[in-house]
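The chain that follows stands alone, in the form predicted on its own, written as C-alpha cells.
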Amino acid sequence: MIFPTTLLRPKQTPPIRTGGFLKKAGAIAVLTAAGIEMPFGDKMPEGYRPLALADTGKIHSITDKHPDMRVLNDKPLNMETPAHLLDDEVTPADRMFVRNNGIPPENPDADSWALTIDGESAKKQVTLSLKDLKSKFKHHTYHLQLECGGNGRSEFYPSAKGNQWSLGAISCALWTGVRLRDVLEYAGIKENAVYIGYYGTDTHLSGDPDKVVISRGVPIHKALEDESLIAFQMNGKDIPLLHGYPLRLVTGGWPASTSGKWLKRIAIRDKVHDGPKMTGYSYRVPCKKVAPGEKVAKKDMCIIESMPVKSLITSPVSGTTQKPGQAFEVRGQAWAGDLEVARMDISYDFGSTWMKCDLKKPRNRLAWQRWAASVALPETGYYEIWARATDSQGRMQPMIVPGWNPRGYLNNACHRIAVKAG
C-alpha cells in the first residue's frame, strides 16, 4: 500500500516525554490500522511519538527565499529552513534561516556606511568607512556555521517562550571580510579589555529610533580568533539585506545572536558587555541543572558560549519510501560549536544499535562537516533513522531532549526522519 501522506510529515519529532502522548502500544496500533508495520516497534521508547504522527505547521514563502522556508514570526521576521533544504555544503542565501529582533534598515547606503570602534578599553576611537575596511585590512574567507541559540526550542516541555524553532535555524555559508582582531588592534586594545559589544542599525519594534534592539558580544579571546570576521560578503556576493548588508559580525560556533547584523559600532569593554539581550534570561541557561519548569533566579543564569555538538539528516526527506533490502544513502551535516565532530553514527532500530558513518573533515575550523552512510532496511514496514554526532571531547548528542531551561536554548537531541520500506 502507499504510505499515507497525512501520516508522514517532514518535521522533527516531538520530544520523548511522558504526558499527553500516545503510549507505545497505542502508537503502534494507529500505524498498524493505517496498514503500516513497524519491524522495530518493540524497541521504540515508551512515551515516544513516532514521526509519522507529528504535525508540520504552516508553510509560507517570502521574496528571495525558497518557497518551502517556514515563517515563524513576521514581526520581527523569523524563518527556518526544512532539513532537506540544508543538503548543500555551502548554504545558499535563499535557504539560510532568518533571525531578526527588530526591523531591518531600509536601503542602507554602502558608500556612506561607517563603523566606529570605541569603548572603555579602546586606546582610541576610530571610525572606518566600508571602503577603509576593504582597503586597509587583509581579506579572509571562512566557511562558518551560525546557529540560533534557540534552535530546537519547540521540543522542550514544559514549553519555553520564544520562536518555536524545530531544527532549521542553522546555516554554514562562506563569509568574506576582515578579521575583527585586525580592526580592534588598529584602534588599540587596552590590557583591561574583557569583552566586545556590537551595535546595529535595525529599528526597535516600538518604532523608537533611540531604543537599541539588541547589543550582544563575545569575550575578547573569541573576538581575537582568526575566524571572527567583520564581513561584507556572503558566498562571494554582497551580504543580502536580511542577513546584515552591508556589514555584519560573524563569530562562528557561538549563538548566532553574537554575530550582529547591520553593524555600525563595536565597543571594547572592560567588563562583560551589558547591552540589550545580554542580561537576565536572554541567551543564558541555568548555571546548574534544574528540573523541568523550575523557576531560576537571574543571578543563577550563565551566558551561552560555544554551541553543543549536533547533526542533521538532509537526505532522504522524511516520509520517503525505500525498497526493502536495497541500499540507499543517508547523509547530512554535523557541527560542534568551537570543537570538531569526531564521529557520526545512525540507527534505524530506535537507538538499539548504531552504524558508523563516513565523516568529512571541516573545510576550516568552525565549519560544519558532511557525513554519509549506506543503509538497507531489512524488511517492509515503518522505520525511523536517528542521527548522532560525537565531538572531539567525546560528548555525544542525547537521544532525548537535554536539560530544560527557561528560554529553551541548546536542544541538541538526535535528529530523526521517518522512512517506509515497501
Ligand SMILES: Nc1nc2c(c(=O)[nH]1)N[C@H]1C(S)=C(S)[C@@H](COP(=O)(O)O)O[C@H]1N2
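When you see a residue number, it is the position in the sequence shown, counting from 1. Quick caveat, the model's predicted, so the values are computed rather than measured.
Quick note: we don't show the form predicted together with the named molecule, though the next part is all about it.
Taking Tyr283, Trp113, Tyr348, Tyr157 one by one, only a single residue has any non-hydrogen atom within 4.5 Å of the named molecule in the predicted bound form, and it is Tyr283.
Only one of Ile303, Leu242, Leu86, Val341 lies close to the named molecule in the predicted bound form, with a heavy atom inside 4.5 Å, and it is Leu242. Remark: Asp202 counts among the residues lining the named molecule in the predicted bound form, judged by a heavy atom distance of 4.5 Å or less. Mapping the unseen interface onto this chain, Gly260 counts among the residues with a heavy atom inside 4.5 Å of the named molecule in the predicted bound form. In the predicted bound form, the named molecule sits within 4.5 Å of a heavy atom of Arg99. Taking non-hydrogen atoms only, Ile214 approaches the named molecule to within 4.5 angstroms in the predicted bound form. Contact annotation: the named molecule lies within 4.5 Å of heavy atoms from the stretch 252-260 in the predicted bound form, the single such stretch among 252-260, 121-129, 330-338, 312-320. The candidate spot formed by His140, Leu184 and Phe232 lies out of contact with the named molecule in the predicted bound form, as no residue has a heavy atom within 4.5 Å of it.
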